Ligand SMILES: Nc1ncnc2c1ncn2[C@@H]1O[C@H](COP(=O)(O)OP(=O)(O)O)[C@@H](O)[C@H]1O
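There is one chain below, alone, in structure tokens, taken in the form predicted on its own.
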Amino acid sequence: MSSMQPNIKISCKHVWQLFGKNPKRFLQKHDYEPSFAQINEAGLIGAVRDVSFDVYEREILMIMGLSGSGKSTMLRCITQLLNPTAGEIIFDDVDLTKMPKKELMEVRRHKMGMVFQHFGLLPQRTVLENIAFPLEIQGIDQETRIKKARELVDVVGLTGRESYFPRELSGGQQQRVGIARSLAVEPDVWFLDEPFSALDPLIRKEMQDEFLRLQQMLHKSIVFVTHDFDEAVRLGDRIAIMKDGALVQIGTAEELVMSPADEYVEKFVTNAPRAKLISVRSVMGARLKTKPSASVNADAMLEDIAQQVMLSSKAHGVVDASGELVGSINKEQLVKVLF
């Protein structure tokens, strides 16, 4: 994302999803501020608890947490596959939770693309027919939808397999069909719920590469659910970490590593590749009083400057994009941050 504040595509405001008896009445009774203990005492399940965040245009926002943290339920609330117990989901300045069912269906059909862990392909239809299926539901004529499906076959790298059936494809290829199908309607926002977790590690890495390549082409607003911190770091612009239905922390990978909100977040980031995630700017000290003999860029990652700084007995100056001296860094600071 650019340094300018981008436009907000989706805004989630105080979203609750409680399962059990009379959850709306329960929230009203507790002024929409019940504790975790009160929810449990009432025999309710707090799948999503008072969650608020924004998704920016062209941003990849990763929602992560352990199993049962509420991340997939939150995704279903945003897409209105589940209607939240309380809260607002503002999409293009309209609250989806108050939208009539017919209008909501049109938004889903035309503006949202969804990819899930289980591919959900139609076994009796070919690759081309599976990709074209959402356009068929929209009532698009056959010639137009097949033409669009052929374009997407090329986009996701399945050229030559148009007439294959799902059973004739590998897991990675099936997921590519699912991705192409989700893009057929040219959605404004793309929702992915652990789409690669059923794949073996090598294919998973390939699909992550493919995902990043597609995003460079398409520039979508994306909400991506994962339980894998490495995947979140590799793919996301920002990461939202959930626990017991609540949002614990949201920020860039660097912000989470440098300033974890609590022990739960700290455990997630323990094995993070710090040298790749932390910038010089985040750890630099005050400007030197004398002119430094060497300098490094403030926006460089520590891995890019580590050898240069570690081999020197003197502190390096830190300069910004315009070449102005803004701080300093030495090997002691590096060692402290990295090790």
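For every residue, the number given is its place in the sequence shown, counted from 1. Since this is a predicted model, take the numbers as computed values, not measurements.
The following text describes the form predicted together with this ligand, which does not appear among the structures shown.
Checking T79, T73, T126, S221 against this ligand in the predicted complex, a heavy atom within 4.5 Å turns up for just one residue: T73. Of the listed positions (M310, A275, A294, I45), a single one reaches within 4.5 angstroms of this ligand by any non-hydrogen atom in the predicted complex, namely I45. Between 281-289, 266-274, 45-53, 294-302, the stretch whose residues reach within 4.5 angstroms of this ligand in the predicted complex through a non-hydrogen atom is 45-53.
Shown without its partner, the chain has L66, S67, G68 in segment 49-68 as residues with a non-hydrogen atom within 4.5 angstroms of this ligand in the predicted complex.
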